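Heads up, the chain below is alone and in the form predicted alone; it's given as structure tokens.
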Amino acid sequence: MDPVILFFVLGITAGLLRSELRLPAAVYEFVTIVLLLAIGLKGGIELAKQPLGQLLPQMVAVVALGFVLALLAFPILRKLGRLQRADAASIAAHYGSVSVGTYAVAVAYLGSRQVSFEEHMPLLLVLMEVPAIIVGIILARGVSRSTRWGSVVHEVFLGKGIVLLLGGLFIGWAAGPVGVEPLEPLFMDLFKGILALFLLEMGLITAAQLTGLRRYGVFLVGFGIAMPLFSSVLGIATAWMLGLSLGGTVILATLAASASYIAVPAAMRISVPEANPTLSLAAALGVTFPFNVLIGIPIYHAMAAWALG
């Protein structure tokens, strides 16, 4: 097992045993900032090497995928899970969006196996953050004058995660490979170490979210595992249609299978305050994130390899 995954296991174990272990808030903030900028920089460097027009079909496809995933999740949550409309819409938005942490683990996983992938994937990551949020709000509230679209747009596009990813993309694109070279010791060479610390804290947070799996526990556990597997199939099919490499297919499958725990919770808090955030985070962080990190990504790799022959 990759050592970075063991850091996640350590975090969960320490959290479940009620250890006093916790990354200081300032350290966790620093680790998150470095991780997001590193992902953005890598994508920006690749964008500098190719015309943006060539990426347009992929950009359109991943936006459509984000809409579809949220729309498919909602009736399952509403009918089978018998969740309130607001809760079903909120969880659907989480599962239509993406997890930067899961993406980072997939990158480390492919790197350890020397599997290359299209370096502009961070751009697709950013694009997949937004559609599901729009769908979630509309499913919960419909389109009305009472919807605080200005606040939602501000939270989505000016939230820390999007600003850092887009900022890193722009800096990497503007500076190019040569310009970014002096930054490589921090953002490239230390990437796995930073990721390990991030996953340690995520393990601790995941352990805390497991307490939310009570009333809807059995359903949320089942949904938190079945939905990523189903979504990964759609991700692989989309990657196949776009002609992505094996590594790119694994990344897109992982993005489709992941669930947001940063951008979407913030947006739902503003626009759908009646939704219970514990349910969404318990499913996304308590079930889907550990499933993807520990088991899911190798499964998506095997599925992608089979699908591409």
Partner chain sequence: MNSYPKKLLTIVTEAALESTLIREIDRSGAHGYTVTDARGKGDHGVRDAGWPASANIRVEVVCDAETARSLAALLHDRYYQDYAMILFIADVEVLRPEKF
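Numbering follows the first chain given and starts at 1. Since this is a predicted model, take the numbers as computed values, not measurements.
In what follows, reference is made to the form predicted in complex with the partner chain, a form of this protein that is not presented.
- request: Decide whether I270 counts as a contact residue for the partner chain in the model of the complex under a heavy atom distance cut-off of 4.5 Å.
  value: Result yes; I270 sits at the interface with the partner chain in the model of the complex.
field: is_contact(L37, the partner chain) in the model of the complex, heavy atom dist at most 4.5 Å
entry: Outside the cut-off, so no.
message: If we define contact as a non-hydrogen atom of the residue within 4.5 angstroms of the partner, is I295 a contact of the partner chain in the model of the complex?
response: No, I295 stays farther than 4.5 Å from the partner chain in the model of the complex.
query: Can any non-hydrogen atom of L17 be found within 4.5 angstroms of the partner chain in the model of the complex?
result: Close contact is absent here: in the model of the complex, L17 is far from the partner chain, nothing within 4.5 Å, heavy atoms only.
message: Looking at 39-47, 57-65, 243-251, 271-279, which stretch has residues with any non-hydrogen atom within 4.5 Å of the partner chain in the model of the complex?
response: The contacting stretch here is 271-279.
query: Between the options I225, I205, L166, L183, which residue brings a heavy atom to within 4.5 Å of the partner chain in the model of the complex?
result: Checked against the cut-off, the match is I205.
- request: At a 4.5 angstroms cut-off on non-hydrogen atoms, which residues of 181-198 are near the partner chain in the model of the complex? List them in order.
  value: Nothing in the stretch sits within 4.5 Å of the partner.
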